[in-house]
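Here you get one chain, nothing else, as structure tokens; it is the form predicted alone.
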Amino acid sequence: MQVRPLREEEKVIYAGMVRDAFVIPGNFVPDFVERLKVEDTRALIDDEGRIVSGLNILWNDIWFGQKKLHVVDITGVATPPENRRQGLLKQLLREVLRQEAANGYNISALYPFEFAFYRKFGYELASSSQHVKVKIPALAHFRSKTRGRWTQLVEDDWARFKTLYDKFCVGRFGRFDRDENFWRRNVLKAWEPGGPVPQNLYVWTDASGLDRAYVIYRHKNKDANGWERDMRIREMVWLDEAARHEIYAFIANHDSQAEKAVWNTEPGDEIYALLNNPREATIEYDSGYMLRLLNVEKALAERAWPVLGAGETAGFSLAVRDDVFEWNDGRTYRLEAKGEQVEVSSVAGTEHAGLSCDVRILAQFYAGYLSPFEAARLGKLEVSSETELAAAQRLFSPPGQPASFMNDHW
């Protein structure tokens, strides 16, 4: 068995594997083959030269607080049914992650078909989302208060959306860094089984000419006659609370076109508190993507950390267990913060650590999904020093930090 990128003539075989694995309808294979780059693929090849398992890699950036970091995003994982439950995907994925760690990547992410399966490789849940449905008349009390105007844009204006989005992402966790192709294909269009569907693209600009908010949405019929429909919001972004108010006022103006507005947002984005009648809205929670730290020490070193006050210090020592990658396992990682400076080091052994956890739980701290206090309360973090626990909480999960949320799939 060998792991290598696909060859051009093998792309159609792999595309068929992906189609069958994910039960994708429509004219999927030709479009997928056209877009697929062989250098972004890895396949496990048996001794007869057959593809027995394959996957697609996106080397992209994800925002973790004040920085966006390079991430190995895994997608399109497919094994034909005749080759399943033989450990082939395990062999492929472990080798790919080892190679990417050797290439200098310290983090990997994916959306799982099954959480338990990918936990075996050291991945853990790293985000969640709120699915919000609001009866549009419930937003009637929102009226425009700030001078400005809404302008409908087109797909070629993608850079204006990106500029706003990039500003919005700073300080947030889990937001995907998007290039032009991603904007055009995955954000500014919606996809139905029959193909792409156009969306309504609006930007709000204040009186000074500054873009401060946008809404991307479409109307979705709920019945065959088209008399009942929802306003499906792909994304809304704002630079401040005044701009957010203008978004809700804009949504309220659609009361003659749709019954409900529907969107996904980060946990803690409390719509109930903004409504006169909270019963006019429902919120459902869902799980998000998974994260894996490939190299713990380097991942900690490259992460953004809160800036402490002049002369302030905080530090903790954390023993990590990793049953997949031996270079992380059985080491104690020390993080010392002073002002704007952070130093990370590690030593073999775990006996003197103030905190201890599995690498999967550390990924949840890292992603901003679970705080050290929460992990300790849930029995997922062993604590021998309350002082170091408080320091870890201060550095991983400072007050006011937004919850981890990813609004894109790959």
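All values derive from a computational prediction rather than experimental measurement. All residue numbers refer to positions in the sequence shown, first residue = 1.
Not on display, but discussed next: the form predicted together with a small molecule.
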> Is residue 89 close enough to the small molecule in the model of the complex to count, meaning some heavy atom within 4.5 Å?
Replying inline: yes
> Is residue 148 a contact residue for the small molecule in the model of the complex, using a 4.5 Å heavy atom cut-off?
Replying inline: no
>> Please determine whether residue 78 contacts the small molecule in the model of the complex, using a 4.5 Å cut-off between heavy atoms.
In response: yes
> Might residue 395 be said to contact the small molecule in the model of the complex, defining contact as any heavy atom within 4.5 Å?
Replying inline: no
>> Please pick out the stretch from 208-216, 89-97, 228-236, 282-290 that is in contact with the small molecule in the model of the complex, where contact means heavy atoms within 4.5 Å.
In response: 89-97
> Honest question, do 21, 111 and 120 all end up within 4.5 Å of the small molecule in the model of the complex by heavy atom distance?
Replying inline: yes
> From the list 84, 222, 338, 141, which entry has a heavy atom within 4.5 Å of the small molecule in the model of the complex?
Replying inline: 84
